[in-house]
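One chain comes next, on its own, written as structure tokens: the form predicted alone.
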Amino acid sequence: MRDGGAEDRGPQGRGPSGRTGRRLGPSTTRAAISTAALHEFAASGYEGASVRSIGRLAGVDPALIAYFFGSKRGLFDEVTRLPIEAPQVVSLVLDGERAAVGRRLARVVLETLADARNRAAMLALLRSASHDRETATLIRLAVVGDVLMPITTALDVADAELRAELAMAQISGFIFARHIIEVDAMGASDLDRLTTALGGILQHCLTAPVGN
């Protein structure tokens, strides 16, 4: 979806709705929509957020969402995209002693969550997954398929797929508990303490013996 057209002609241009009057520039409008959408999706999930509510929060005509992003799904996919490359994460987690692989994975998770935009994107994805199968599939493929399975495969452990899924359960549960339910102890703990605690759990999932 290109950013050009009548919206580019300056503050008095005519937008897709046919309305006239003072308008933001294209790049500012797009950024305002993205910011509002991320807030709405993080708070309400994909199903709960509406194009109208996003437009209202952004202070723009809702028609501009289709103009800039094509659809609500296109907008959701763009604002929830994390600036993380799976091969780099896998390499970082595997680079070091096997006994600390869980801690390194926990560090990646927590440092990603420390960024407000990344945190909002992850919350939007988690809130949406329980009601939107497309989002659930996306998370499963991106996290289990592209990150955790390559890690467990490289570790050459039995039940690699089960371990990857157990690690995913711990990570998603941690994010849900700390940032959606907002349990007190997790919110009050510092990064190093949480890294140690979550890292130990992930280490067990990734390398400890699995019972028959």
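Numbering starts at 1 and runs along the sequence shown. Since the structure is predicted, the reported quantities are computational estimates derived from the model, not experimental observations.
Only in words, not in the display: the form predicted in complex with a further copy of the same chain, which the text now covers.
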item	value
Which of 94-102, 138-146, 75-83, 110-118 lines the interface with a further copy of the same chain in the model of the complex (heavy atom within 4.5 Å)	138-146
The unique member of 28, 44, 50, 153 whose heavy atoms fall within 4.5 Å of a further copy of the same chain in the model of the complex	44
Residue 174: touches a further copy of the same chain in the model of the complex, heavy atom cutoff 4.5 angstroms	yes
4.5 Å heavy atom contact, residue 170 and a further copy of the same chain in the model of the complex	yes
Contact label in the model of the complex: residue 36 to a further copy of the same chain, heavy atom within 4.5 Å	no
Exercise: residue 191 in contact with a further copy of the same chain in the model of the complex, heavy atom 4.5 Å	no
Heavy atom contacts to a further copy of the same chain in the model of the complex at 4.5 Å, residues of 121-135 in sequence order	126, 127, 129, 130, 131, 133
